[in-house]
Structures are given as C-alpha cells and as structure tokens.
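Presented as structure tokens, the chain that follows is alone, the form predicted alone.
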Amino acid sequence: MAWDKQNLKEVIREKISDRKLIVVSNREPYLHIYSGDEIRCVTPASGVALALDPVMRACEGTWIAHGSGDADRETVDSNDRVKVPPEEPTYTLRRVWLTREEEDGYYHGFSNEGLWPLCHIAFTRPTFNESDWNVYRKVNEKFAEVVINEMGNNSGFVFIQDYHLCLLSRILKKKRPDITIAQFWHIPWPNREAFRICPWGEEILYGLLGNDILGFHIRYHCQNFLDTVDRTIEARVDYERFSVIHEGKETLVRPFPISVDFEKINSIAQDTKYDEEIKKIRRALRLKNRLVGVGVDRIDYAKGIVERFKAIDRFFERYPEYLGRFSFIQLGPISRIHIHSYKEYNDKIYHLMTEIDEKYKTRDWQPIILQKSHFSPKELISYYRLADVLIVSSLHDGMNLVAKEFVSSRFDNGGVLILSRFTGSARELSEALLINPFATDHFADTIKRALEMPTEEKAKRMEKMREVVRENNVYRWAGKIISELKKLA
C-alpha cells in the first residue's frame, strides 16, 4: 500500500476509532512570537516537529509541548490550548509552561549537556549535575500531570517523543495503567559501555520501560538498548522477540525509520516561484553561474560542520581549478548557545570559515558563505533546488531528515547527496555518495566526484533515492507505530 495522508486517516479511524491520541514532546510544532506590535506564528527548526505535524493533521489529536514563544501565552484559551495550524486548524496544541529555572535544568542542563553528548558519542564530554537531574524529574512529572488532565476519563494512546521525557511513560503507567504508551527515541542509543557513565542510568531505563513500545530509527540502536538493559538492571531481555520484561510488564523494542511528507515537499518544490527565488539568491550571494554546495544544520557539534569546512579547504588545496568556480553555503540557526560547548563550537565554526575565506577569497568570490538565520521549510526548498551538491556530514545522527527533504525536493532528478555513513538515513539512501566525515582527503575527493558526476548518473541515483523516500514516507512511519499500538490496546 502506498501510504499518504488519507491512508493514515483510515488507519487511525480503524485502529483508534473514538479513543484519544496524544503526542507529547518538548518542542512545539508552532510557536507565537512578537514581531513589533504584531504576533506571528512560526514553525521552529525541529525535525521532530516537521515530521509529526502532517501526522497530527491527519489524526486530529492533541499535541502537548513546552510553550517557548514569547507570545505563546497571548494566543491560548483558558485551558492553555490553541488550534493549529493557523491557516487550517485541524488539531489541538496544549502548551506546558516552564520557569527559567526548569528550562535551564531540564532542557539546557540534563537533556542537552548530559543525554545529548552521551548518546551521540561525538567526542564532547557529557556533564551530569544532580540539580539538573532533579529539575528534569520535576519537569517530567509536570508533563505527566498535563497528559492525564488532557486524557480525562477517556481511554487512549500516548505517543512520547525523544530524550527529554525519559521518565514520563513510567509515571503515566503508575497513574493510568489503562493507557497504551509508545515512545520514539529520535537520537542514537549508545553502546552499553558509553551509557554506564550516566549516574542515573538505571532510573532512565526504568522510566523508558514504562512504554508498551519503544521505537528507534534503526535496528542497531534497538540492539544497543537491549544490551544496555541486559547489563544494567534486573530484567529479562528476549533478543528473538526484541522485547524486555520488567516487573511483569513487556516493552517491545522496534525500529521505525522516520521520514518526511514526500508528496507535499515534491509538490511545493515544483512551484515556478522557486525559479525566481533561486535567481534572487544567486544575485544576493554573488554566485553568478558558479557551482553551489549547500549544508543545512543546526549549529551543533554532532553535525560535523567543522569536518565539512576542513574537507572544503582540502578540496581547494588539491583541486585549485575550482577556485572561483565553487561556493559552499552553510545554513542553520545558532543552537543552545547558553551551553558552553555550543558557544565554543559556534565560535570555532566562525573562525574556521573566516580562515578559509581569507585564504582563498577574491574580490567577487568567497568559498564559504555562512548564514545563521532561521529558514522556514518552504524557504529551504529554494536552497535544495539551487544545490549542485548537498552535504550531510554528521558525526552521529539518529536519522537526519535534511537528506530526505533534499531528495524529496529534487523532482528534476538533479543534484548529488553527499551523506555521512554515521546517519540513520545512510541505511536507506544507499545511492548517495557515502563518506566518513573524519577522513578529510576522501571527503574532499568526494566533493570533486559529486561536482563532476555525469548528468545521467546523477539522475539514476536521485531517482532511486526518491523512490525509497516516496515509499517510506512519514505516513508509513506513523501508520506502522499506530498499528503496533492497537495490537496492544
């Protein structure tokens, strides 16, 4: 069956019927901000939000998330709810309010100074503070109260997102054992030796085993989780069934590779307005008729931006005939700048870019153009279509939806995808040019290969990747999880 929005609606109607579906995440799919005296609704730079929004439009449920926009309180009703999306309201967004102390300890602290580097193993040391852990527990309990309030007396399903809410499922199960719960872990799960350094590792595992289904992007991460449980706590791990039985309750551990709304991106990308937008970008950035590379990432040490810039430097050293002929545009907002390691990484990227540009630039050309502003999903399509080559060089990534967005937007079967082997998407997009971002020389040679690839080969590779993403789209991902949940209800 070819999955689309209508198929998913039918599955939801068949599997869920009149039962309630609640999605819970830290990041909200829409936030309201002040723009002068007016309030604007914007979409945050979040892969989770972008992936789940079309699913929620199809199921018309409730999404619970932290209200982080400076005008969010002005747009909710007396129950902290607002209908979204604004142009075509189809589901409810219920906002959770966090104090500055809670946000610092739960989000910046334990989630992103502790769990994020622990799971990505990107050579950045995790920081664990007991005060952050205590706030993290408190915020998970706060989310639990809101979920139970939203569920009311109904029976239903709760779908939890990511590493910010490790403890939520267990809290919910204790209070409402009738609720069927799934959680999707959007980042990698580390090997058991790496996980051992977390002081509250056992509590995290107990928390996650409150789920009926625990999903990861790929089977390898499922295996790592099972091994971690097997060596850390008293539980029975069934490697054949891929499940854990703890305190008489079974948690199924399953791979569900997340994806994007292929047909929507493919359709939007064919709007003729993008032809003019591409011309505007070329004029504004003085690209003329040069070859163009593009990178789209949050400024994050796990994304391999430094390694990417070093490979571009090596590329120009080895192939000086491309000086003045090739420009690379790095897009992405500054991320988690309150955390020292992120501020340091942001500075490192800027200094490296400046050093490379000073080394090669001419009066009307520079090799790397860095744009740190936020781009909407529709704005990114202009850059995807402009790119002769898109580079995804993550050092470790659960999936990486940028690669799939790029493929979905290239209805012309043009462009080449250079993709890190250390992304989940590399398992599916095997027609990309796969690289080890730490192997600078090979990385540089791959850029040259991409730029010189014959048109026919580009088209064949892109066509095959597009077929993979078309078939394994976000509706298929959601439909599989919902079908598995229904079996347990």
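Quick note: we count residues from 1 along the sequence shown, nothing fancier. Just so it is clear, the structure is predicted and the values come from calculations on it, not from any experiment.
Not on display, but discussed next: the form predicted together with a small molecule.
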| property | result |
| --- | --- |
| Three-residue site 116, 187 and 332 fully in contact with the small molecule in the predicted complex at 4.5 Å by heavy atom | yes |
| Candidate from 408, 112, 183, 400 lying within 4.5 Å of the small molecule in the predicted complex - any heavy atom | 400 |
| Position in contact with the small molecule when the complex is considered in the predicted complex, options 254, 137, 173, 298, heavy atoms within 4.5 Å | 298 |
| The small molecule contact in the predicted complex: residue 217, any heavy atom under 4.5 Å | yes |
| Residue 362 within 4.5 Å of the small molecule in the predicted complex, heavy atoms | no |
| Any non-hydrogen atom of residue 200 within 4.5 angstroms of the small molecule in the predicted complex | no |
| Touches the small molecule in the predicted complex: residue 258 (any heavy atom, 4.5 Å) | yes |
| Proximity to the small molecule in the predicted complex (heavy atom, within 4.5 Å), stretch among 87-95, 151-159, 231-239, 380-388 | 380-388 |
